[in-house]
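In the form predicted on its own, a lone chain appears below as structure tokens.
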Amino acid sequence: MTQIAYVNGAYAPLAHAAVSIQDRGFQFGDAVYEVWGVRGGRLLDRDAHIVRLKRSLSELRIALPMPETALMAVVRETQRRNRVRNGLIYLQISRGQAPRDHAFPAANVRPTLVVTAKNLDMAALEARLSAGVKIVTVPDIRWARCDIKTTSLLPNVLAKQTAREAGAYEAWFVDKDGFVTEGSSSNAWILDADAHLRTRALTNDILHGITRAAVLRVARERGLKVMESAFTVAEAQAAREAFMTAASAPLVPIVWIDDKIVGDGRPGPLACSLRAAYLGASISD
């Protein structure tokens, strides 16, 4: 089936959809994005992603290109045209098309809106969940506003490529003090030796993950001992369990960090149970 994209008011086959070479998203990475997970045809954490999108736009002083209700209608129609049941919806908004100049363009320049959707290979995802994945650690060389979901992702690209070349699924960034910040496209978690569920606190150092927030809520509702605190690579390697969260792959167990096996080398029971609880609680109509 031909994939369909939405670009600035029109739906077109993905191979023919395009934006100007003078679009500021292309020229400067002057853009933000959001990704919704889709399960059983329904969006995961629909409203929370919209809230974060608006925050990212506000931080960069980019206007929402249309009312929220119209925007969600575009998201749903793109999903429908691509027949996405279990997959992802990607939305990107740039500051728009203008002659190349670092400063903002004139106020009448309209933001560019792009929406795409695709189904995921669920068999491959289930295989990763069943076996767990390996990750590597890399120095965190990103800018000081990782809380804004911008398309300026070159350090993330380099980290992900380092992971691929090492035969790993993901890379975790490590700050100058030796603490894990987050993954190249995920938030980082451990169940430590004292049975505390830990993930780094929200600051400008990490993306404020929507799946992260939902899993925290589920964990607290289940009475788990939750700590929003940083942990070192050594603590992660010595943890009972480790896992990552992201819209694209909620709660993927980690069984290997760099050269160390985590726990008994198999996905832990807490990660598996939290994933099931999260999926049951986070589907939106």
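One-based numbering along the sequence shown. From a predicted model like this one, the values you see are computed outputs, not experimental measurements.
Missing here is the form predicted together with a small molecule; even so, the following discussion is about that form.
**the small molecule in the model of the complex: contacting segment from 107 to 115, 89 to 97, 184 to 192, 71 to 79, heavy atom within 4.5 Å** = Among the listed stretches, the partner-contacting one is 184 to 192.
**Request:** Check whether Thr211 has any heavy atom within 4.5 Å of a heavy atom of the small molecule in the model of the complex, and answer yes or no.
**Result:** So Thr211 counts as contacting the small molecule.
**Asked** Closest heavy atom of Ala246 to the small molecule in the model of the complex, within 4.5 Å or not?
**Response** Yes, Ala246 lies within 4.5 Å of the small molecule in the model of the complex.
**Request:** Indicate whether the small molecule has at least one heavy atom within 4.5 Å of a heavy atom of Arg200 in the model of the complex.
**Result:** Contact check for Arg200: no, nothing within 4.5 Å of the small molecule in the model of the complex.
**Prompt:** Applying a 4.5 Å heavy atom distance criterion, does Leu207 contact the small molecule in the model of the complex?
**Reply:** Within the cut-off, so yes.
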